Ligand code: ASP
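In structure tokens, the next block holds one chain alone, the form predicted on its own.
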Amino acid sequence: MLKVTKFGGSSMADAGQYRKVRDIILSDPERKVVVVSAAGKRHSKDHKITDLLYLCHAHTQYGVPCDPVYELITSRYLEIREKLGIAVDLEEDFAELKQRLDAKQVTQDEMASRGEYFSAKLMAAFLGFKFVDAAEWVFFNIDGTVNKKKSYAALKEKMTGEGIVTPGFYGVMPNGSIRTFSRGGSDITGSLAAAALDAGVYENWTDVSGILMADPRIVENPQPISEITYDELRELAYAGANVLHEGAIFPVREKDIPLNIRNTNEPSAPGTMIKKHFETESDPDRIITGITGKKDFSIITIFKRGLTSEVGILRKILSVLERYNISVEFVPNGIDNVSLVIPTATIAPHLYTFMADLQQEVNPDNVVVQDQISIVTAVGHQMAFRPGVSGKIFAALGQADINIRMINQGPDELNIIFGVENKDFANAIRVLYNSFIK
């Protein structure tokens, strides 16, 4: 059974972490495909290499010398190479990149991608695996989506039975230019590789032993999740859980490939296993799988008598938002009102012009804007089969004097979403965790 493994920035931070990765790979001959991120932080005051690459490119664009920053980048990789005692020529790559950078011939995406490129070159040499550049098999369409058919076929051709190491985070556009995914996109590269090769499992190695049921910065020692479905994971990731890149779910889910989140620093821990569904529940008494959320939303409530019977009014409201390229997170509604839940940062610059356009297009009786709202989400695929879950949530929050400003539930009943004031955000998550899990 072929295993595709992806190692994040914390796993690539220094020579010691490289050794841990090598031990993990060589302990299982089925781990033949390795996807790596750029070097991450070694300690809290350190810099991620990708951040330095973005900074260096920005300096150059504004005519500011970036030599000190570039030296930080190159010395980091050369130090790893020296401590590992491997023979791989990086100096030529460094010199060529710097020359093109000074001549302003390097795009921001290409510059940002070099962290993964250098990591993969080092790791391939350290493992004795073949280096395969992501630009040789991750192909984007002109609209920025991945051409899966072409990408999958290209990676299959690269597999000759030996192990390979490939950079995450980037691919190539039809015109040959480098394009990156959004930050954290190495997760997507690993998922694409697993789907391309019909892997038995996609292992995503990071610095935590799986997914936790709540944010450890809010809840002390939250329990890990041993099993979770792809649907639940997508809900948690979308709602704010810092699990893995949202786009990494789709390629493996399409081919029903299990995804296992593991800890490089604790390789014996089983981590979290993610599948489409599980034959038997590991914890049949578990109602809620995880609790997460995000802060700083605005709720715009539009009141108009007879709103629900007015054909096309919701389309009119949303079309006004579309003019400003603003998407809506949730749309709870009543008989004569509808609410738009939108990240404050996206609506704030356009709020007054949006209100003016709304008045002209819809002619509402009243519009009320509430800021400083947090959205808290409880996720669990068994909630639909347990009566009284919503009542228990609201009772627990009421006893803690937390006022609920908005309630919404998806038709698949995988989640219960509610809005609270920003000041109550952390306490709301703790109250739910203590009520349902602890």
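Values in this document were obtained by computation on a predicted structure and should not be read as measured data. Residues carry their position along the shown sequence, with the first being 1.
Not on display, but discussed next: the form predicted together with the ligand.
Judged by heavy atoms within 4.5 Å of the ligand in the predicted complex, the contact stretch among the candidates 396 to 404, 25 to 33, 372 to 380, 45 to 53 is 45 to 53.
Between the ligand and the residues Pro332, Pro343, Gly185, Pro224, the one pair within 4.5 Å by heavy atoms in the predicted complex involves Gly185. Although the partner is absent here, Phe169 is a contact residue: one of its heavy atoms lies within 4.5 angstroms of the ligand in the predicted complex. Residues Ser37, Ala38 of 4 to 38 are found to place at least one heavy atom within 4.5 Å of the ligand in the predicted complex.
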